[in-house]
Every structure is written in structure tokens, then in C-alpha cells.
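A lone chain, given as C-alpha cells: the form predicted alone.
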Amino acid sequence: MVETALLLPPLLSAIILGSLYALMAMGLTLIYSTIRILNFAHGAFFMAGAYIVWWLNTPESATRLFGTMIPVSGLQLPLFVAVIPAVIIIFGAGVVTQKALILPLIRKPNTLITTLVATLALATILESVATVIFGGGRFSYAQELVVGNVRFGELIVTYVEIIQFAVAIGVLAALYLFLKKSRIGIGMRAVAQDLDAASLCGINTQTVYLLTFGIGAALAALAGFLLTNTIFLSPSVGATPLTIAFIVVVFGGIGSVPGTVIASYVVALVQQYVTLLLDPSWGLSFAFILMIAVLIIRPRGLFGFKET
């Protein structure tokens, strides 16, 4: 029988991990609810954001590009400074992707399938580019985000985990206020609810599409920075986070912001306790099982809405 003391650390880890899952999955939710496409390049933006931070943070003598030791960066910016240009760059990449790749496909037949294939192709290309530039090896940041931990009774929490949780919750709260209070956020919600009515009200839907895709990509980049602080960085590092993000948005209801948040914590909780009671290799499998079980009972997910 599992002791009560052993059940608390996974609960704490699930709260922290669930916040990061919500940050990652929220980009997918915003893009689908507003533009009605599934962005399979989300994991590639996750990877690209993490690589940009690594590049800006790594000393010049260790910046390996194209399989050699080429002095390119040498900036060695602190991690919290390096993440700012990384998020801005990936935001811009998201806007360009929407303008150049998604927009021409939106008004064509079978939009969902064609955009899905297009973003999958983009993800494959970006992963190949990262492999060519940085090689297929694994990297870690030149410096740690922060060192140390704090103890709460029997629980030990690292400062990195505290920062991951605080940043994720802070960004999600800021995003909520942005969607509720700002003119752009209200426009995004209006387009998500009724595209035709929003257009008649004078909302520039093309601008909303561009900003939504950019914000979604930026959220992926930020999640990439936060999550890769505790794992190695490689060109394929975005694959598992992308899988989990899709499980979360389908489980919570595609396009539902509250569903995404709730599902993120549920999936993280299931993974942590399955890891404790069975084996770490079962964590992702049980997340899939949970998603399938919910879809059998409620095909739209927990908070999903009917398509009109």
C-alpha cells in the first residue's frame, strides 16, 4: 500500500506540470477557436523558441552551428533576458506562417485537412533545418535558470519549479485579462464566436488571424523555454509536448479555454500518479486512454461546443 507521504510529491508535480501543459496547449486552443485549424507546427515552434534561447545564452566558444564550432553568438545573455527576443522572434514566425501558409488555404475546400498537412510539413521542415544547423545531438543551457530548493515539511520544491509555475500562471492570467479586456482580445473572442457577425461589426478578421497565430506560436516558444530547462534540447524535443497538448485540447474540448486549463491539470495528475504506481513509460499511454474514454462518453470533449 502506498504511504500518504508518497502521494503528495506527485500532486505538487502535477500542479506545476499542469500549468506548463496549459501554457503549451493554450496556443492550440486559441488558434483552433479563432481560425478553425489544427496547428501541427506547434511543437516545432516550441523547439525553435528553446533553440533561440540556447543560442543567445551559450558562450561564443561553445556555439555549435552546422556541426562545427563557429563563433556566432557570444552574447551569453542571461536566460530571462534571452527568452524575450526568442518569444518575439517566434511570434513573428507565427504571423508570417499565418500570412504566407495558412491564409491562402483557409478559403479553399477541405481547409481543416489541407492546413493540417501544411503545418505538419512545416514542422518537418523546421525540424530538418534545426538538425542541419545544430546537429542531431542533445544540448543543455550554458547556465541554470536558478539553483536551490525550498522545503515544505516533507515536500521539496526546486526554485526552477517555482519559477516555472509562477511564469506559467502569470502568463495565463495575463492572457485571460487580454482576452476579456483588450480591444484585440475582444475581437478575437468575437471572431471565435461568429466570424460573419464579427466582420459585419467592422472587425478586421485578417488582423485577428495574424495576431492569434502569432500569440499561439509565442506561447509555444515560452513553454519550450520553461520545459527544456529540465530536459535536454534536441530537434525533436517538441514532439512529446505537441502530443500532450493535443491530448489536452481534445480531452478538454477543442477550442474551449476553460476546458484546456482543466484538462491540463487532469492529464498531469493522471501521468504523475501512473508514474508513481506503475511505471514512467505508462504516463503518456494513460493520458491517451483517459482522452479516449472521455470522447466515448462525450465526443466533443469536456467543454467542447458544436460546430455551426
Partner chain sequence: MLVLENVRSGYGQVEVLKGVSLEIKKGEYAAIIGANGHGKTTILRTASGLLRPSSGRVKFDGEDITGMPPYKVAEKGLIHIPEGARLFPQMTVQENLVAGAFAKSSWRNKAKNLARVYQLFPNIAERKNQLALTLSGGERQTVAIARGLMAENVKLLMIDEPSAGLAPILIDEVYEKIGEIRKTGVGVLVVEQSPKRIADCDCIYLIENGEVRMQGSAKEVLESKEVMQAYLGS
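Positions refer to the first chain, counted from 1. None of these values were measured; they are calculated from a predicted model.
One more form of this protein should be noted, the form predicted together with the partner chain, which is absent from this view; the next part is about it.
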**Fill in**
Only one of 111-119, 145-153, 181-189, 91-99 sits within 4.5 Å of the partner chain in the predicted bound form by heavy atom distance, namely 181-189
**Item:** Gly202, heavy atom within 4.5 angstroms of the partner chain in the predicted bound form
**Value:** yes
**Message:** Just checking whether Ala174 would be counted as a contact of the partner chain in the predicted bound form - the rule being heavy atoms within 4.5 angstroms.
**Reply:** no
**Message:** Even though the partner isn't displayed, in the predicted bound form is Ala82 close enough to the partner chain, meaning a heavy atom within 4.5 Å?
**Reply:** no
**Message:** Under a 4.5 Å heavy atom criterion, is Leu227 part of the interface with the partner chain in the predicted bound form?
**Reply:** no
**Asked** Pick from Ala198, Ala123, Val87, Leu77: which has a non-hydrogen atom within 4.5 Å of the partner chain in the predicted bound form?
**Response** Ala198
**Item:** Of Ser140, Gln193, Thr131, Thr158, the one that lies within 4.5 Å of the partner chain in the predicted bound form (heavy atoms)
**Value:** Gln193
